[in-house]
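Below you'll find only one chain, the form predicted on its own, shown as structure tokens.
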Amino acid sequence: MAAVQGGPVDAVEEKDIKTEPSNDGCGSNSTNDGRAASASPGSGAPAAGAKPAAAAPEDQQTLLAVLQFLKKNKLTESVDILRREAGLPEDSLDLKGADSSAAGSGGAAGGAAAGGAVAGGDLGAADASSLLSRVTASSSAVVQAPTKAAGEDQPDVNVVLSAYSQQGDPKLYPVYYNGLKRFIESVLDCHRAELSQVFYPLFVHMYLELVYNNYESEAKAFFEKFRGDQECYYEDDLRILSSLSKREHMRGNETLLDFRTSKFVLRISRDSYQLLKRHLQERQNNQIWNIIQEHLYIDIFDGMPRSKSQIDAMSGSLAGEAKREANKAKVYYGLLKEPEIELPLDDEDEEAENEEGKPKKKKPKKDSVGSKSKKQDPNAPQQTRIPLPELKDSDKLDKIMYMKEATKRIRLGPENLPSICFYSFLNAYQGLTAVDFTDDSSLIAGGFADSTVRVWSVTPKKLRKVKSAADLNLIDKESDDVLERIMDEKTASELKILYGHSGPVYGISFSPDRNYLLSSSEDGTVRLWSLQTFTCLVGYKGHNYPVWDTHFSPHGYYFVSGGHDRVARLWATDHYQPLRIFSGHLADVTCTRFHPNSNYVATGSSDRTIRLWDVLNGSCVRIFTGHKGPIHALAFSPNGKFLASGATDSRVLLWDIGHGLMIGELKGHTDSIYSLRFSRDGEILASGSMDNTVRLWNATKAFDDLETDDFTAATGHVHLQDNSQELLLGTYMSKSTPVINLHFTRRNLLLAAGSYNP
């Protein structure tokens, strides 16, 4: 019916309308056994004596109601096309309008009419007119939607909940649910774990249906009786659900709207699915079958059923698991080719060459670092796939510095763990909410709940502003040290405070060239600050609600932000409007990260999923499920192949981006994980948590132990080893400081930061 709402309809949409009801009144299009397995929600089952070729009376009524609606709106051309498609005589509309004793008066089984408007008895013109009025009402609701109050951006509760029409006697719901429970408990062990996945979505939809139809006491009894059967990781959702005890509570409730508008995805083997289907059809358990058809998406695979541990590893998100198709797209996870930069000899090398007459051994090592990614990676995107900024001279100098530092980098491993330098924010009465380090580890910035951003220099070099315009005119612009002369020594200090936000600052990110700093806040804006003048250059407005995180691209220019409005936005520093809007999460986007090649963005959300987005076209190319709580930390491995994620469930999960699969689980933390970082060579993964610890994990072993044959399995399940203790290299306690940021310097020293809680 959606095609009709809102006025003129073209011929293609009309065909869709016509083919929709011809699903022989059955929610499933896979029942080939001749009898109607169930009626679609809200319609009576077709009469037993109805001819197979003829549309069911209700379908005909619906069709006529649509035709009348189109005729009323003078869409005669559309009426003719639809009538011809449906094979109705030309005078059918006139007959139907005048004659109340049309076909269907008593011919159909006396089930409830589609909206609960007409129950049983005469389903003639009264039914057609009720359908017509409903179509008209819904179309007018769609037309009037833009004129709603600004705060009401949620869908109308009546439209969203229209599927919760009455399905038989509510007192029988516990009986239906109990019957299914007994059946699943009686099947073979191998099928039981898979079929048990059905309990949670069924429980929620049955409860909501009871509440929507004003059966408060029955709903409460149902909830109390079966709440204990649900998995522990749905506890938070059930707490929210228990507060919905009246129909009015449903209006604008986010959790409910998520559940209602997105199908809950279950992955079940074909054998288990056939068992369930056969059971429901034999019992003629239409209520449960209808909910499964209407609100669940069952991703059926061929092969052995999955074990309880395999299912638990992947479940827990707000909308079930990801469909297998969601992770099939090609992802170019390789690194871009580095620009060729000649590495000049430093003074030490020149001296050594003069003395000895032959070069030092260090030199070839440097060349090898410089030419590390000269060869094009076969999995890398094309250099020009997305436009990246050209390297400036200052960037080239920075690259040279980076290469020199890289030659002095410590090679980490199980026998050679990094030193950790912890920056504790003492007396942070303003409430520290975010921290970031520059890539060269020279600056540290903190975002605070008092809406300020504070920047410190952690080297002896102090922070200075650029001189005023009048003073700049007096400078000799040709001199070699012009960049030094433009700085005003009078302004030198270790700390600069940036004022501008009107709410707590939740996310900050330095640009790779250290010239800019991004900050995102509860005030719904992202601000770009100059680190030359320590002033705000731009305020990016696009989010309607708090912005939880922001992150600069490794190549600069682009940045991403995510917030309470459930979307992530891609920006460029010189555009005040977003370039891409990544929409798909069912709850707040809590953290964002760019892939090392800048072609992809990862987002973590309170819906307990991680999504990977293609910057080129804005499409979602990976959905990872498995966390049991909101995700607050993401980190890509330096080679771009793997992703690590941390959440409030105290676990770190490892993902293979190319195959779209979970490949590891690191357990050990006892509180939410807010920070993850790979060492510069990818050997070690560091995790920081609210439990006041930093833990180091052997990333090389975690990735090398993988059996690549597992990935070729069509079912896409990998059996996770419980080897967290083997992979844990060390745990480092702070006195009483939660760890909210980690950073490896270019020489692989680990920096950590947090605010001391006395």
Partner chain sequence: MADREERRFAEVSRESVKLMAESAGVELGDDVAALLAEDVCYRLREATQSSSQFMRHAKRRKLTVEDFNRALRWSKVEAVCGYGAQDALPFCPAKEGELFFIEDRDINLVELALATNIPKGCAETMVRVNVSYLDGKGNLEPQGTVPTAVQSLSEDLLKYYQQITRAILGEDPHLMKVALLDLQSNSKIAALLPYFVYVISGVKSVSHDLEQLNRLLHMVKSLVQNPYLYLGSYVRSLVSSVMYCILEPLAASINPLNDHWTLRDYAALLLSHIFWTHGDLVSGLYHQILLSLQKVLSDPVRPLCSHYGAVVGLHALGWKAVERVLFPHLPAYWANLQAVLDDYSVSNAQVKADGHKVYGAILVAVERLLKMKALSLSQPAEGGSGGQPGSAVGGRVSSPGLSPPPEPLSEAALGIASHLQAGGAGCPWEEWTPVPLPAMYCELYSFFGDSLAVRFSTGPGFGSYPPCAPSQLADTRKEPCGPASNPDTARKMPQLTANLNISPRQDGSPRTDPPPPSLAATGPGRSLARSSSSSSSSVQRSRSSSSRPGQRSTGPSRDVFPKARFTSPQAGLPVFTFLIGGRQMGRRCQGRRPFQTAFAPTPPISSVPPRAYAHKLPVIGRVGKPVRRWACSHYSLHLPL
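The structure displayed is predicted, hence computed values, not measured ones. Positions refer to the first chain, counted from 1.
There is another form of this protein, the form predicted in complex with the partner chain, and it is not shown here; the text below is about that form.
Taken together, Leu244, Ser424 and Tyr545 are fully in contact with the partner chain in the predicted bound form: each brings a heavy atom within 4.5 Å. Leu417 is the sole member of Ile581, Ala492, Ile300, Leu417 with a non-hydrogen atom within 4.5 Å of the partner chain in the predicted bound form. A heavy atom within 4.5 Å of the partner chain in the predicted bound form is found for one listed residue only; from Ser606, Ser315, Thr573, Gln293, this is Ser606.
Note that among 382 to 390, 324 to 332, 429 to 437, 592 to 600, the stretch whose heavy atoms approach the partner chain to within 4.5 Å in the predicted bound form is 429 to 437.
At the 4.5 Å threshold, heavy atoms of Arg239 reach the partner chain in the predicted bound form. Proximity of Phe448 to the partner chain in the predicted bound form falls within the 4.5 Å heavy atom cutoff. Contact check for Met690: a heavy atom falls within 4.5 Å of the partner chain in the predicted bound form.
Remark: Gly228 counts among the residues lining the partner chain in the predicted bound form, judged by a heavy atom distance of 4.5 Å or less. Along 650 to 682, a non-hydrogen atom within 4.5 Å of the partner chain in the predicted bound form is carried by Asp671, Tyr674, in order along the sequence.
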